[in-house]
Structures are given as C-alpha cells and as structure tokens.
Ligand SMILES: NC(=O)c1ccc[n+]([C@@H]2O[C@H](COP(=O)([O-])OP(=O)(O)OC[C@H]3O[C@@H](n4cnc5c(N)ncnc54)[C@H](O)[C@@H]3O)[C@@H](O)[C@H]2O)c1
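The chain below stands alone and is given in structure tokens; this is the form predicted alone.
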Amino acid sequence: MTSQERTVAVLGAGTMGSGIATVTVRAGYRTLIHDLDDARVARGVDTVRGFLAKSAKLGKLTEEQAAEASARVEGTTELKDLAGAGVVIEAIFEDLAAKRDLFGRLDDIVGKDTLFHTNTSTLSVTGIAAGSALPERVVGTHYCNPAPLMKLVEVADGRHTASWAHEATIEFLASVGKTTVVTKDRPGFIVNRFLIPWENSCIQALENGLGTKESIDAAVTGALGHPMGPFKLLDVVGLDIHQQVATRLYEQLRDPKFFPPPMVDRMVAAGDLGRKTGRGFYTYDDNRLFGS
C-alpha cells in the first residue's frame, strides 16, 4: 500500500473519535486525530495510548505491539495536515451544518479518491454528503460503541454514493477487523432503532424501582448474553450523547419511545455524564473511557 492508503484521518477526539482511532492504529494504520484545540487533541491521543497500554497489561497485545501502535497515532488542529489521508472518518457532534462544512473544507485538501466516512447514526448520510463537491465518495459508517471492543459497523450509502466507494469502504472495514452490516440511510439505522428505545426502557425501569442499576445490568448480561449491561454501556457512551441521539431520533420519528426519560435530563444537568466525568450511573476512579 502507498503511504496515503495507510493513513487515516479521524475528525473529532471525543469518545467515538478516540475509539475509532484506537481501532485503526491497532490495525496498522498511521492515524491523525483532528479537533478544534490542542487540549481536546491531547486527550484523544492520550485515550488511544492509554487503551493500548492497558491492552498490553492485560496480555491482549505485546508490549512491542502496543508501543508500535502508540507511535502510529498523532494529533493536529490543522486540517491541512490531513492532506495525505486515504480515508477520512468524521466523528464530531451530531450537527448537519458542521459535518457538511468539514467535508466541504476537506475537498480542496485531500485527494479526489480519498474516502469520506461519517459516523452519524441520526442524520442523513445524503444530507452530510451534500457538503462535499464529490458526494459519491461519502459513506455512512456507524461504529458500535465502544468502538475498540465492538466488532460491528453499520454501512449506509447516501443517495449519490458510488459503488467503488461502497466497496472500498467494506474492504477498509475488513482490514481493521470489523464485521459490517449494510443498512439504508434512515434515522437510527438498525442498531439505534432498537438500542435507544431499549436503553430508555431500562432507565424507566430503574426510575420505577423495578430493580437497581446493578441488578438490571446483571440480568441483561447474565440472561440476555450482552457483554455489558445498559447502565455500564450508557456510562461509556455518555449520558449527554444518549440524550442528543435520543432527542434527534424522536424529532425525526415522533415516536415517544425514543424520547429520553427525565432521569437523563437530571443527570446531564448535574454533570453526571458517565465515565468521562468520573460519575454517571456508577462512579469511577479511572475515568479513561475504556478502562475497567
């Protein structure tokens, strides 16, 4: 592969961005994390390197593999530094105008055959692609959270996505060890159409005293076979992110089961967002997003 084909740019250094960057560096890609300021970029790079170090400690990587992967991640606040990327993965906050603007600005920076991936799960891939002069290269790639631990990525083409871009996307995702499912460009795709109402029902069950957070998590992992209970998962995702995603889906679908329960609003107002703030449904001494 050329250096361009081996370079990935990740836009956004938050939970999803740093998680996706962890996936790509672990798979051997040089990865550039871009965000608006140095502090955010530094946190994103530190999250990636922290996850790799912990993987080595747990024996999932050798010390040498972890060190090599850590050396492949870099950070920048300058879009021009992304010029050599063969794949750009957008993982910023769910704002259509902001996503469109980023892709439009990148049109004159990266090559014409660079793939543009958007990690949205609530906004239209077609609408985001309209920000680029080459909408045929834009593909929706929704990584399940936490990205370093979950194998599944949903792939959704926009109205003008070209077959070459779709096929190249499937190949890229296979190269980073992901399993793909193809879905339509519809609000929530497959996963969040099911997940958000289910998480809301778990929160309502807690509010109504059906069980404790511990007992509900234990029931879900022990009986349903989920790798993580709903409240542990919500703490990893972030209560603010759940609130945003649920609200956007409700606005588009007008189905009450997508509307976040009152407990979510109270937790967000209190700053109890989950692992990233050290407290959500549970409390954490280690607030790294992918800690134990």
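A residue's number is simply how far along the shown sequence it sits, counting from 1. If you're wondering where the values come from, they're calculated on a predicted model, not measured in any experiment.
Another form, the form predicted together with this ligand, is not on view; read the next lines as being about it.
The stretch that touches this ligand in the model of the complex, counting heavy atoms within 4.5 Å, is 135-143, out of 135-143, 180-188, 165-173, 214-222.
The closest non-hydrogen atom of V237 lies within 4.5 Å of this ligand in the model of the complex. This ligand in the model of the complex comes within 4.5 Å of no heavy atom belonging to G280.
Heavy atoms of F93 reach within 4.5 Å of this ligand in the model of the complex, making it an interface residue. N119 belongs to the set of residues with a heavy atom inside 4.5 Å of this ligand in the model of the complex.
This chain is drawn without this ligand; in the model of the complex, the residue among H226, R49, R40, K257 with a heavy atom within 4.5 Å of it is R40. At a distance of at most 4.5 angstroms from this ligand in the model of the complex, all three residues A13, H34 and I241 contribute at least one non-hydrogen atom.
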